[in-house]
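Shown next as structure tokens: one chain only, the form predicted on its own.
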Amino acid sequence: MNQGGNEIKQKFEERKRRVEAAIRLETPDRVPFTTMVYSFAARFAGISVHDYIFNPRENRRVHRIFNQEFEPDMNYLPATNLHPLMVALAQPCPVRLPGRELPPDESWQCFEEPLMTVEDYEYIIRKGMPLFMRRFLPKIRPQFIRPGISGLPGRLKILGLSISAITTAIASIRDAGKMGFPTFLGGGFESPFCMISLARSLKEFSRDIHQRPETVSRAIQRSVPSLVRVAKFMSRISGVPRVLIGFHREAFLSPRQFRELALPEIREITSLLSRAGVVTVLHCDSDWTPHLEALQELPEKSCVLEFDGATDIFKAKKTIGKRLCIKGDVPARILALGTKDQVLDYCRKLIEEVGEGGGFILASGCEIPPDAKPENVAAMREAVEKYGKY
């Protein structure tokens, strides 16, 4: 291997060790930095969000540009095929997409509509989530899939798109590796709680929680094994021992409801994946501060808690920082509206307090906002170099 190849391989291993040490709650040479990036990367590369979503080749190119310019310790998520059918599999609700129902440079938008019925809970309990999704998809993507034998072409299309998504993701992981960047996630999708609440709509789902909590709980728990199987498959085929699960709605529950409905789901997912050697990245949208003590029941070092700026990340460090890795959480408002010095100051506070003793990965709170200032995004990388050495 030539000198340049040796240097790239050395950088790859250095970055990998840094992030994995943080996940194990150890102190690496410095605080690692890797962050969720979608629309910002597209705009920075000069293409529309529509082209980023629908053109896998452009998707890969955008990720390469972002990694080269901002040098995260890991490529966050590999490029993939984001056809509307694939979006529907991940988020089972009506979705409006850029360049289709929306202007080409908008982010996609989910809409609440109670397409799932009360009777569907029993179907999930009897048959499981995969068969439910097969029956449910025609309701949210009727232009692609029809019920019965007439829907066979649509179901074959899903198979073809799935193969395309896998091959694109693997190629993207290789792209990043050739540049010296390991990949943080081998795949990702919504939790059973989120999938059911999206299909049912938040209003009706909230009513169900009060009127039929046992039925809701049984449907969630029945859905866990199939999700875990998919997560294991994603990890195995990508070669990345980390998978993201989106926990977007569990935070809305009261502490009592959280322990009854959400905690068993989260504990089972993280436990089963941990036994298989897969780290669960819990993408925790909204305010999880009331539930931090409950999260102490998750297996130690089994997951990364990815906060979006609403949770008190400093309290999280004090409550669960000795058991689980914490990732976050430079707020969108600072990245979009603040100055470089404000970003550096906030990152320094995160590094000094949340990064103390290890077990911390610096990132934006959720994804980098589309209108973030490039110099502010670059400041996150600068901050770990300037303040993050242990």
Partner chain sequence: MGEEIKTALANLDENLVLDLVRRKIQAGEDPEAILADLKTGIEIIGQKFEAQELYLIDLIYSGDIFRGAFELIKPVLRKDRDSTGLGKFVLGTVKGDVHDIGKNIVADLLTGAGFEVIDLGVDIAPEIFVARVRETGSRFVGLSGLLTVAYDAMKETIRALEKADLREKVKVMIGGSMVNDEVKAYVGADAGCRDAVQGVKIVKQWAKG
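Residue numbers count along the first chain shown, from 1. Computed from a predicted structure; not experimentally measured.
Keep in mind the form predicted in complex with its partner chain is missing from the figure; the text below concerns it.
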Asp308 within 4.5 Å of its partner chain in the model of the complex, heavy atoms: yes
Exercise: Ile47 in contact with its partner chain in the model of the complex, heavy atom 4.5 Å: no
Distance check, Leu344 to its partner chain in the model of the complex, heavy atom within 4.5 Å: no
Residue contact check: Phe314 to its partner chain in the model of the complex, 4.5 Å heavy atom: no
Proximity to its partner chain in the model of the complex (heavy atom, within 4.5 Å), stretch among 68-76, 131-139, 224-232, 203-211: 203-211
Proximity to its partner chain in the model of the complex, single hit among Thr117, Gln296, Ser254, Thr167 (heavy atom within 4.5 Å): Ser254
Single option in Glu268, Glu260, Glu106, Glu113 placed near its partner chain in the model of the complex, where near means a heavy atom within 4.5 Å: Glu106
Residues in 267-300 with any heavy atom within 4.5 Å of its partner chain in the model of the complex: Pro290
